Structure formats: structure tokens, C-alpha cells
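A lone chain, given as C-alpha cells: the form predicted alone.
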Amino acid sequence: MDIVPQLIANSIIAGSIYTILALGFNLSFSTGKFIDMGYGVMMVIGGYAVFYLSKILGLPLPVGILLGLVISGLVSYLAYTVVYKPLRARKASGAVLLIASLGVLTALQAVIAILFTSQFQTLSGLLSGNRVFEIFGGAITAVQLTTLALGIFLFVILAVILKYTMCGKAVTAISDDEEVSKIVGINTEKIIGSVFFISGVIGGLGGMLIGFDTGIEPIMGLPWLLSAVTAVIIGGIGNVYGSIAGGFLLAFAENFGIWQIPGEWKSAITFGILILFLLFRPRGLFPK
């Protein structure tokens, strides 16, 4: 098999996951105005919810997925309501909120490790079949094709919601100026809480897709979160539409970057790209 078509296929699949995760992160950042490290653990919660509900309890997979999405969304909403909202009411700085979200990430990861141990788990056994397709010389599984389709679907749905619905316009208004949004009568706290719920659902979905493709473990949230944040910075932080470009550009850079060098350098490539953009293009390719 020629390596280049497979590298392109791997880049497209990785870009799809990065795009999904970046969309959820960008939503919460654009309204909350702080980097929510706790978003990383929503991926873990989504994956382990399906693992527990469908693999241990034996519930039908669609039911497990639906309940897992609701659980990850509710946990994200509770994190906002219990931790972030009171801090925002006290006019806490972005650094304080960042540290608080890191505490959420660490605490929930520890709880998951206690409940399910730190052993690597896979969700692939829940699927009746995961066919492998060869497209232009590259091998792609059915799960990976589903990931690509869901990434496109989410992007289109969010774009439509933000542009044509009252709730989406309220989210856009809050991301532009929260104080002015309050003056014109928008219930900003309610909208931001809803955004964190949706962000948690998207993060949980990303975690499930990762679990079906490779596997899950309690500490997987932070590495994937850093990739999502890098994709957001490349595309333009606060710009939901830039997430898709940032996700795919990062994925192609990573996969082609390790073509001739060991795969252990993949994280170093991600970090190097992040530093370059922070130094020379901090507003990203598509500034808000």
C-alpha cells in the first residue's frame, strides 16, 4: 500500500476528530471567555458512559450513546453552574477560571480512574462490524467514515443555528459583548449555561468516537484537549467557523510530519505549531 494515500486518509480522520472537539471548545470559550480545561474530561465521560451503559450493563448501543451524550452535557453544565458561574459573578480573572477548570479536569479524571481503573478500554466490541474501505489507496474504517460525516454534520448544524435562530444570535451577541447583551435583555447566564451543556455533548461525542476508533482511558482528555486548543488557535480562537480549517491543517501537519521521523515526535510537532502561531499569528488564520 502506498504510504501517501494512507497518510492523507489518516489526516482526514484525525482532522474530523479535531474539528468536532474544537467546535465544542470554541463554543464555550466564545461565551465564557476563558479556557475551559474541564472540557477535556467531557470526552472521557462520554466514552466511559457508553462503556458502562452498553458494555457492562448491556443496554442497546443507541441508548447508551444517547444517555452518554446527556450525561456529558449535564456534567459540563454542572461544572459551569457550581464552579465557573460563581467565580464569574465574583469577577474572577481568566487565570483563576483556568486553574478552577484544571481542578475540574483533575478531580473528574481521578473519579473515573477510581470507578473504572486506569486500564485502557476499547468500545470496538460493541459494534457488530467495522468494515474497512479502500478509498484512493487509503484504508478507512466505517467508524472513521462516520466520524468524518458527523464532523461535517455538526459544523453545518452549528453554522445554521448561529446564523438563523434566536438562540444562536444570542450566543453570537454574548461572544461579541456580554455586557451589551445584558443591557438589551438577553439572559446571558442562561444562554452560557446552555452553551456549556452543548459543548459537553460535543465533547462527549468526540470521546465516544475516539473510543470506538482506538480506545479510552481516564487520562486521555488532556492530550486531546491540547490538540483541540491548537486547532482552535490555528483557525482563529473565538471563530467557530475557523475550527474546521484549524483541525484539518493540524492533522495534516502531524501526520505528514512523522512521515520520516518517529511517531513520538507527533506531540512535539503539535506544540511547535502552537508556539509558532502564538508568536507570529496569535489571532489565527481566520480572526473573529
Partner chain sequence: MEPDTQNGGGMAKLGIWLVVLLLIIGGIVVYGKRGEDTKKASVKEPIKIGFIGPLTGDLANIGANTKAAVEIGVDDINSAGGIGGRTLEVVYEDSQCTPAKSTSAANKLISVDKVAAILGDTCSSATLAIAPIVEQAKVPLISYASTAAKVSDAGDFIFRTVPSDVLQSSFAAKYAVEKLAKKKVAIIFVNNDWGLGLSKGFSEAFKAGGGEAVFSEGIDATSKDARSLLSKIKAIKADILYLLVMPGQAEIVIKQAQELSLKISIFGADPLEDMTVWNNAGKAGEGVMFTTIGTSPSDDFKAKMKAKVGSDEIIYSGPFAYDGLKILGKVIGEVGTDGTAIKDALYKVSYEGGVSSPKIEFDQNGDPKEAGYAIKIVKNGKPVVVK
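Computed from a predicted structure; not experimentally measured. Residue numbers count along the first chain shown, from 1.
Below, we turn to the form predicted in complex with its partner chain, even though it does not appear here.
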Checklist outcome for this item: Contact with its partner chain in the predicted bound form, heavy atom within 4.5 Å, among 258, 222, 59, 245 goes to 258
Checklist entry - Wondering, does residue 199 line up within 4.5 Å of its partner chain in the predicted bound form on heavy atoms? => result no
Next on the checklist: Is residue 141 part of the interface with its partner chain in the predicted bound form - any heavy atom within 4.5 Å?
Outcome noted: yes
Checklist entry - Heavy atom to heavy atom, is residue 119 within 4.5 Å of its partner chain in the predicted bound form? => result yes
Item to check | 4.5 Å heavy atom contact, residue 172 to its partner chain in the predicted bound form | outcome: no
Item to check | its partner chain in the predicted bound form: contacting segment from 119-127, 70-78, 145-153, 190-198, heavy atom within 4.5 Å | outcome: 119-127
Checklist entry - Mind checking whether each of 23, 227 and 239 has a heavy atom within 4.5 Å of its partner chain in the predicted bound form? => result no
